[in-house]
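The chain below stands alone and is given as structure tokens, in the form predicted on its own.
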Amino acid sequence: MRDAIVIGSGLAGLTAALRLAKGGKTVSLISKGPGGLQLSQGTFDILGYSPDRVSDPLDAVGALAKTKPEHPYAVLGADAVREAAEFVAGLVPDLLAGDPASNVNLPTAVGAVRPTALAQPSMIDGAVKDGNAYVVVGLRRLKDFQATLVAGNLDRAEVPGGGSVSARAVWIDVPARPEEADTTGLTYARALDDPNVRATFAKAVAKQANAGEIVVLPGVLGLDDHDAWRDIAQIVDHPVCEVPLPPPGVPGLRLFRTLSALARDAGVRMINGSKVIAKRVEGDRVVSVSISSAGHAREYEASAFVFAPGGFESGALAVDSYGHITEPALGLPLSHDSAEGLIHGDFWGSDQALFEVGVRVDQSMRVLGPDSAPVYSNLFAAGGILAGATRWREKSGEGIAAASALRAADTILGEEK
């Protein structure tokens, strides 16, 4: 029997597993898939909008906690979010940089300007500021990055704090593989792990940059070599900024691969491709969970469980044709069990309340029932399954995931000392 089982391999699951393993616990991590990190921007959002653009995310977390008591940040608080951001950044110092207390505004793959708290060092030099000049370099064989669109929108973008920037588009044709006309971002990233390939690539980019310009490139600057972008920037001899592409994206995959490797190195037993289908309960405790494996159920016992499967986007929550909302894996009570009244016709206006449905938790991240008492004494929840936040609109996903995961893990570590 393990000390803890973590369910889910997104940022919340990996953070909880690493914290528990580093605390001396035996941990198994069960996941039905690779988690949501590779679908992310590869950055660490704390709070980007509340509802307007946020410049000081930790201050905004404190304000949000006072005005929206059902939000996860109201339970967690700004100090916990800061600690979580610093913990994750400390695990991957070559992949996350910045100040959790101050958002940086970065260009996106459509030329918009997106706030985030921590970003990959390969992105930081592209921070949108008054007076910046950009050259957006498209790759002829990469269809997911339209340089003309990015430059056109960035050129007329509203600069946070005021002012303006200029941007122009250019195109180069450097193959990742010979005779391949349509190449994926992942293929380019793997190719650019090779110093010879990235030297050829960087020299082609350098010919397109004018004095004073920041070079904007698609987010494909290496996969496993986290210094690939530095080599490219040195040859180009200009500040370089890579922009994450539509998911699955290379920057998010870098984070997933790195955190997964750290978890394995810390002794976490990874059980991948396995869907949790049931639980066994004795008294007020979960004793085990079962997974579907090779056509039959397989049971895993543990002293504590952290449930971090994501939300609607990962299939962890379901709505049937009658509007019934359920959590199918463990059958946990939700903040709402019916979609009636949670969806309205103003799709581009105010938030759809449906996306705030999830499990309710107490200060320790124990799952609560309708009576606001813990359902089980040893079952904790973290990340996208938590009720009360529209993470994609707020740009709050990573902050909620990491802070709730640390709170759950620290509760387990504290209670078993």
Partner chain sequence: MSKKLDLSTVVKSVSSAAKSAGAQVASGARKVTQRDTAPDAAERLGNELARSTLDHCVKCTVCETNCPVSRVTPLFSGPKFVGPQGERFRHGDSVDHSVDYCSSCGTCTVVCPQGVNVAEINSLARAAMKQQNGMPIRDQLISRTTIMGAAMTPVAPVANAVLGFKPARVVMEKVVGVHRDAPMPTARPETLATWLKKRPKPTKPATRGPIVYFHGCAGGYFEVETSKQTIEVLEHLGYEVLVPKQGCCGLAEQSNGLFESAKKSVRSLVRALRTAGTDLTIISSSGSCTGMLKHEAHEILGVDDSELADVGTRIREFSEFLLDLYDAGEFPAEELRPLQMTVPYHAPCQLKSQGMGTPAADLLRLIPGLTVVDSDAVCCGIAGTYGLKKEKYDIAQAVGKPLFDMVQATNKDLAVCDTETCRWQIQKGSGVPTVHPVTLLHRSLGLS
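Bear in mind the structure is a predicted one, so any value in this text is a computation, not a measurement. Numbering follows the first chain given and starts at 1.
There is another form of the same protein, the form predicted together with its partner chain; it is not shown, and what comes next is about it.
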Checklist entry - Using a 4.5 Å cut on heavy atoms, which of 280, 296, 344, 156 is close to its partner chain in the predicted complex? => result 296
Checklist outcome for this item: Interface check vs its partner chain in the predicted complex: of 190, 114, 226, 71, the one with a heavy atom inside 4.5 Å is 190
Item to check | Options 269-277, 104-112, 208-216, 76-84; stretch whose heavy atom lies within 4.5 Å of its partner chain in the predicted complex | outcome: 269-277
Checklist entry - If you check in the predicted complex, do 32, 291 and 314 all have a non-hydrogen atom within 4.5 Å of its partner chain? => result yes
Checklist entry - How about residue 300: is it within 4.5 Å of its partner chain in the predicted complex, going by heavy atoms? => result yes
Item to check | Contact label in the predicted complex: residue 39 to its partner chain, heavy atom within 4.5 Å | outcome: yes
Checklist entry - Is residue 340 a contact residue for its partner chain in the predicted complex, using a 4.5 Å heavy atom cut-off? => result no
Checklist entry - Is there any non-hydrogen atom of residue 177 lying within 4.5 Å of its partner chain in the predicted complex? => result yes
Checklist outcome for this item: Residues in 318-341 that come within 4.5 Å of its partner chain in the predicted complex by at least one heavy atom, in order, are none
